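Here's a solo chain for you in structure tokens, the form predicted on its own.
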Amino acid sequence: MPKNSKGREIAEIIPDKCIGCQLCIGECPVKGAMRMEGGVAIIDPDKCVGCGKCVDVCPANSILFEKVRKKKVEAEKGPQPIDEYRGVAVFIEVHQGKGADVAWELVGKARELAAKLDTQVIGLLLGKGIEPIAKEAIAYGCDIVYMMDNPVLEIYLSKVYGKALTSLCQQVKPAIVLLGATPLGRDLASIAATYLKTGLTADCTGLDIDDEEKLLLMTRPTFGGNIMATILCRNYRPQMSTVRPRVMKMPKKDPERRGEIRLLDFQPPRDELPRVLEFIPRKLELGGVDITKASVLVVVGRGACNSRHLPMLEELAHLLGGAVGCSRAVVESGLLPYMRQVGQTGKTVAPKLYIGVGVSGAVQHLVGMQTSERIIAINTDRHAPMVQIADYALIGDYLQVVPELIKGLEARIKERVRQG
């Protein structure tokens, strides 16, 4: 094919075949690159960009141009053979010198998954001076804990932890790796999955094992929470998933339980690492309240979104020794801050008692509170989704129902005080 002064391959007109229809000129995306001369199309070589669009529309096949075909990139195959991968592993996140609660919740779930696969529960632990946490991991349900204990792992750094967890997975070869969907866990999971060239399903609300193929079934909300999708990772290992705190139930700790702890060597990255100049501890939630830790939660929904009546709901929460949460609609109205939001885009909670006041129960909200032990719904709509899943439903106007609840609680408290 001919080339222009810039070395770009361009189209060529066969004058004897051109019928002068001008379709090529109309299709050309570059102004002035084609023109008619003596009833025949002419190409300006220095303006032609070699797109080939003129060739596609020419009815007389009077234009010569061979499009450059893109080379097909073969999909990179996953680790082989995948049969070498065994065990259900949990990354034990360390928070303020202790194992994070979400790690123990995942260990409890890992035991269920491992039982279906007839395999071990493995703990993956990184940090400095972490042997006591490794022993605690065994007490919660790990059969074996692999740890890397190194001063450079004392504080979380993405690059360092990413290399360390990748190295652990490459040496241990677990079939499944679970991490908490915390800020640290989300960051680390994506890094490790990239290095390991495997899949990652984030923010799962359900985990199970397929009976036939023995694959991990990872269920999470999608399309804004309107659909629950179950995802499988067939060809790559490990199968990786992150799970929000409070989604899985905390297992019982058994101090008498026995297991194995293995220390693996860690070689830090050779390039210069950042230095931590100052560590600023996380601030407490508004009013010193963390709704994920509350044993009782009074949740304000759209149906009770009124600043005049919020003190009444706060009083109910206070009498029950709990805290006030809310749905997304209440946050968007400006009545309560985001840190009080329960749901897919807020926080996942699992209180002993959840009281939804005017909460309709959209899927996005249910995802964040479905593991609550007891659910009470106060709503005027008996067909609302929240009413359908509640253990107890009080159908009526919350402005009438809540004062009666407060009155009853106050009377019971006074009676207990009187009885000493």
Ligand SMILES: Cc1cc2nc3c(=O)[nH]c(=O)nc-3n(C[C@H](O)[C@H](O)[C@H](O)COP(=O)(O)OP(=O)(O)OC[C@H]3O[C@@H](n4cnc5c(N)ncnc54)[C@H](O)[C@@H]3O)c2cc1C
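Please read these numbers as outputs of a predicted model, since none were measured by experiment. Start at 1 with the first residue shown and count on from there.
What comes next is about the form predicted in complex with the ligand, which is not displayed.
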- Picking from 38-46, 23-31, 360-368, 56-64, which part of the chain touches the ligand in the predicted bound form when contact means heavy atoms within 4.5 Å? 360-368
- Does the ligand come within 4.5 Å of a heavy atom in each of G303, T380 and Y398 in the predicted bound form? yes
- Query: Using 4.5 Å between non-hydrogen atoms, is A329 touching the ligand in the predicted bound form?
  - Reply: yes
- Contact label in the predicted bound form: I375 to the ligand, heavy atom within 4.5 Å: no
- Query: Using 4.5 Å between non-hydrogen atoms, is T345 touching the ligand in the predicted bound form?
  - Reply: yes
- Item | Heavy atom of Q341 within 4.5 Å of the ligand in the predicted bound form | yes
